[in-house]
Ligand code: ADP
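Coming up is one lone chain in structure tokens, specifically the form predicted alone.
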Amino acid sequence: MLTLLLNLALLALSPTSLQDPILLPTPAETATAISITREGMVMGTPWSLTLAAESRPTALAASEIVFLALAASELRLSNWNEDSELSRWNRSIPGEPFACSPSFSHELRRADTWRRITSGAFSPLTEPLVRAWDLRGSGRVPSARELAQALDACSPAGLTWMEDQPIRSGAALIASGGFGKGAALDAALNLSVAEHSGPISINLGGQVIVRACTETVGIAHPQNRAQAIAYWRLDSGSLATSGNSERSKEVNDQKIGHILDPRTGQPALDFGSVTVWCDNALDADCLSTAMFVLGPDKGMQLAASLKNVRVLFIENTADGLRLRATPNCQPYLTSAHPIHGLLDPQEAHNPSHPAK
């Protein structure tokens, strides 16, 4: 029996996670011979994994690959490590190609693709805004002039490409908060295949990715992380959640959310939370940020235009919580609350509707 208990209370220790995942995983089961659990910190964020293999040496070797892959991701994508590839790109000379690893190029290009798909609701170029609002510090409210300068520095023109080399223009700076965890999870899962193709689940700062196993993941109340509102059966791919439950800041009696709208430079409206499933973690990470910025109405419109994406919005309303999900969530979700958008909210987790 493979049991995974992920302690999300550790998320409060994370200084770099600019998303506030509010997932509360519950135990999952799978038949295996040997299972191991491992945990640590990377990119200032707690991680844990559980995997199963036919022998302990195989399991340990696979876990070591995951650990090394996560550590390598920090060397590529950390905004806190001055020697990371991301930090070196942020200091690179504008207009000159930046020699980078294939992994960094792939991850940044994929993140930039989601900027285009979401019409700027997500962008990897938000570091000037992060600094203007001092989101890694105690928080501040920038002046109109400071905000205008930061927005100008976040222009899409700040990132261009020469073949596989990303070129920095003007005052453009990358922030990995909206895609770094997803990129690290994908790298870890993909590299682990060399030693292990069996059941594995990895959690990085609340974002979860699984392969060859099934978990039931609790989706928390946007204002009470100890209370699960819905349950999501995760048997492949990755779940990412964006919300402001514990990462907002108070500055001069003003609440500042940590998820910024790259189009306006302002904190995104705090409506509740959004959870996104994709078959890979980087896409789920980018999209959960974009969906939170867009809000439930426009977010659901975007979701309807995308293939192989599942979305659940939890909204705080005057009448209580409102849950909205894309119809393709139907085989995976169950909740005591009605879930709008499913074929039958009361039969959201019905065995007669097999996973697709």
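Keep in mind that this is a model prediction, so the values were computed, not measured. One-based numbering along the sequence shown.
Same protein, other form: the form predicted together with ligand ADP, not shown, and the subject of what follows.
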Answer with one of Ala230, Ile259, Leu282, Leu86: the residue that has a non-hydrogen atom within 4.5 Å of ligand ADP in the predicted bound form.
Ile259
Of the options Ala188, Ala121, Val276, Val208, which one has a non-hydrogen atom that comes within 4.5 Å of ligand ADP in the predicted bound form?
Ala121
Is it the case that Val293, even though its partner is missing from this view, gets within 4.5 Å of ligand ADP in the predicted bound form, heavy atoms only?
yes
Whether Ser242 contacts ligand ADP in the predicted bound form should be assessed with a 4.5 Å heavy atom distance threshold; does it?
yes
Going by a heavy atom distance of 4.5 Å, is Leu151 a contact of ligand ADP in the predicted bound form?
no
Heavy atom of Cys213 within 4.5 Å of ligand ADP in the predicted bound form
no
Exactly one listed stretch (193-201, 231-239, 259-267, 97-105) reaches within 4.5 angstroms of ligand ADP in the predicted bound form by non-hydrogen atoms, and it is 259-267
For the heavy atom contacts within 4.5 Å of ligand ADP in the predicted bound form, list the residues of 125-163 involved, in sequence order.
Thr126, Val130
